[in-house]
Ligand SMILES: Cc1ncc(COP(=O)(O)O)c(C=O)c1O
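Single chain ahead, written as structure tokens, the form predicted on its own.
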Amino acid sequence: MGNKYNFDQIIDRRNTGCIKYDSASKRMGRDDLLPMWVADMDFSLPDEILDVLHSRISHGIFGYTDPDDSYFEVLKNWFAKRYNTHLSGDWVTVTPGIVYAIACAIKAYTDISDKVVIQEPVYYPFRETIEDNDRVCVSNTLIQKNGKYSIDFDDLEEKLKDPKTKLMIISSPHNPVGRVFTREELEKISLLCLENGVKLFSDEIHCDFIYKGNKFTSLLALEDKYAENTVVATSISKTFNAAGFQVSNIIIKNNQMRAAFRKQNGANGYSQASVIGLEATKAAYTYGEEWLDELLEYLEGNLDFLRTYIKENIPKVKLTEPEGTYLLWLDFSEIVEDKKQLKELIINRARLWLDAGSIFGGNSELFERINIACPRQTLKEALDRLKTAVEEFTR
């Protein structure tokens, strides 16, 4: 593994306004929990990116700013090089976030009481955003068998055939179960959507976190007929731990779909993006590749560490083997009987702050999502706490 960057460094994030560490008292009613929940990382950006930001800040003027040609060029280069995905700058709309973009897409492509399909267990703002906009959320629940999740295509076809279904939203790679869908799976989803007149929104925010032996395929890399029916959402927010910059790139090849999306974006009152967010995106995609490649190796090491630790110390906790993302899906069904017991185990005994499986839907009440994008020392402390708690709980 490369050793240019120190991912073992412990950085105190408290009193920086971050919700991961600073909101425990407000959200959980206590501040003694080790937070391993929300999907951001405990790693600092590298100097190569920070130097660019410092230089821009030293200019001293931060007026209204639009992305320029260089912005779209670095975007194109990044996705062409890493994913063989070719895009035009004209296809890109900058938004303050992907959940915001999902809300725009829902309002642009559906009417009140229309149905939107998701694949639970899945990132919970999908359902929340659909229902908050007075649409009907329909789950094509993933099939779990022998610790692996797959798509129920018969059920999906049935739900897409409903004339009230107008939109499908997928998480690719999938959060929280860690699936990196194959090209064949994505083509099948795309074909079913196309045949039934259902538009497809692909949240690809975790696309840069793919474990060895797996390959990410963007929907933009599929045949034109599929890409023309698709919205693809990307951002540096996960890849470079930059959610606070509030910049995402929404890529829509189809002219009519793009115009409808932009009209809704305008109706929401959004125009210019954050100047520092735009600068950070350019810097990350220009200078951040070496840092990311080392980070991916470090995360592979964290995954290996967790896998071995659980097998040797708490074997009743079952890891859903991830293909991508730094968010791992743990099954506690051999230890607890219900979510009340699971809460007692995780919060009161282990003193951990994870994401409860129940919020993701899809019969996941006995699961927890844990974030391993942290120094290994932090991960070990979390697992030590969990080991002690499980031993106490099962006596």
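Owing to the predicted nature of the structure, the values given are computational and were not obtained by experimental measurement. From 1 onward, residues are counted along the sequence shown.
We do not show the form predicted in complex with the named molecule, though everything after this point is about it.
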Going by heavy atom distances of 4.5 angstroms or less, which of 232, 207, 273, 98 would be at the interface with the named molecule in the predicted complex? 98
Have a look at 240, 245, 123, 261 for me and say which one sits with a heavy atom within 4.5 Å of the named molecule in the predicted complex. 123
For the named molecule, considered in the predicted complex: do all three of 144, 319 and 368 come within 4.5 Å of it, counting heavy atoms only? no
Residue-level contact is defined here as any heavy atom of the residue lying within 4.5 Å of the named molecule in the predicted complex; does residue 39 satisfy this criterion? yes
Would residue 85 show up as a contact with the named molecule in the predicted complex if we use heavy atoms at 4.5 Å? no
Please check if residue 175 has a heavy atom lying within 4.5 Å of any heavy atom of the named molecule in the predicted complex. yes
Does the 4.5 Å heavy atom contact test between residue 323 and the named molecule in the predicted complex come out positive? no
Taking the partner as it appears in the predicted complex, which of 308 to 316, 232 to 240, 133 to 141, 290 to 298 has residues with heavy atoms within 4.5 Å of the named molecule? 232 to 240
Contact set, 182 to 203 vs the named molecule in the predicted complex - heavy atom within 4.5 angstroms: 203
